[in-house]
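One chain comes next, on its own, written as structure tokens: the form predicted on its own.
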């Protein structure tokens, strides 16, 4: 399957709309539909050309919402990939499989998000995997993501000597990228002292270790590779894609190893499918709900050994002009929290060589990850067609 699925699909259209941190003027559905229309137009398609749908779920729109409002024609395939922040990248795999099977030609993957009004608890409880949190974590006062992931970060610090200053470098490098992106919401300069002076949210995670809340919509189109060259944009091929889950995927507190995510398993499969290794990646868009999660994924992806993430990021490699620019749009930490859908759109923009001031010169191959709420991982390796 790996050899035939690789480059069977391409991302041909992207759309983003309404990024803000104020009370939204549009519903989540309206934001999702707006982004979907932009992605369809960007690909040079019409709504009637869309024959597959993977909307963000289960808390968001359903296929019927999109069919009705966009006036789609003969829809042949629909699905949800309810993996929280891993949903967008997992949807790339799902769409590629549907295309490879001949079910459809153009799959719309979309999200609308009202992060400023929908409470985090309501969002989390919509995902079925959170039932175990109520059994194991909530009795000890852990329910919000920062509380769930803080023990992971602390364990890494105790085992490997990782420091809060290492997390600060990730926040700073992400902000430097955001300052080059006119679509980013957080562009004020930041220094290490700003990070270290920010209040503790869940020890050891500080305010600037945490992603922002925001509103908006993001979408992309996954098409057959054969169709892609005839569309409006330079195609970006899906060279490798996979998802992976950690041991004991339902309860963080019950794991023997708190420092390895499902990303590690997904990365091994995605690199094998693409036929390349970490050394071949020009840039990476790494899911950044928290700075520690970025550091942990960097290790799980094979960019450095487990426990060496702190030294790796302190070398400046993630910054603009570094050997591995990470989150060139500003990520969830500084651009907007679009559950990782904006990570996909940014990588596509970079590989089209259309990222403006944020462009990584000569980028040919990139990697994007998703991180699900209980440690699920998804990895896609994309390359310029």
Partner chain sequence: MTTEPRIAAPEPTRDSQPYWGALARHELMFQRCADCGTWRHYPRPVCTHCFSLRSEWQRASGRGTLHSWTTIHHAYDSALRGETPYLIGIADMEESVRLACRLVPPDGMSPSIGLPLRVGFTDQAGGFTLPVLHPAGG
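Quick caveat, the model's predicted, so the values are computed rather than measured. Residue numbers count along the first chain shown, from 1.
The discussion below concerns the form predicted in complex with the partner chain, not included here.
Colleague: Can you tell me which of 91-99, 262-270, 167-175, 246-254 lies within 4.5 Å of the partner chain in the predicted complex, counting heavy atoms only?
Modeller: Looking at the partner contacts, the answer comes out as 246-254.
Colleague: Flag residue 200 as yes or no: does it have a non-hydrogen atom within 4.5 angstroms of any non-hydrogen atom of the partner chain in the predicted complex?
Modeller: Although the partner chain is absent here, residue 200 would touch it in the predicted complex, with heavy atoms inside 4.5 Å.
Colleague: Any chance residue 135 has a heavy atom within 4.5 Å of the partner chain in the predicted complex?
Modeller: Because a heavy atom of residue 135 falls inside 4.5 Å of the partner chain in the predicted complex, the answer is yes.
Colleague: Residue 74 near the partner chain in the predicted complex, any heavy atom under 4.5 Å?
Modeller: Output for residue 74 is no: heavy atoms all beyond 4.5 Å of the partner chain.
Colleague: Any chance residue 193 has a heavy atom within 4.5 Å of the partner chain in the predicted complex?
Modeller: Judged by the heavy-atom cut-off of 4.5 Å, residue 193 is well away from the partner chain in the predicted complex.
Colleague: Taking a heavy atom within 4.5 Å as contact, would all three of 23, 29 and 38 count as contacting the partner chain in the predicted complex?
Modeller: Verified in the predicted complex; spot residues all out of contact, no.
Colleague: Taking 4.5 Å between heavy atoms as the contact cutoff, choose which of 305, 279, 230, 158 touches the partner chain in the predicted complex.
Modeller: Filtering the options by heavy-atom distance leaves 158.
Colleague: Counting non-hydrogen atoms within 4.5 angstroms of the partner chain in the predicted complex, say which of 225, 104, 179, 142 makes the cut.
Modeller: That would be 142.
Colleague: Given a 4.5 Å distance limit between heavy atoms, list every residue of 146-163 close to the partner chain in the predicted complex, or none if there are none.
Modeller: Heavy-atom contacts within 4.5 Å come from 146, 147, 150, 151, 154, 155, 158, 159.
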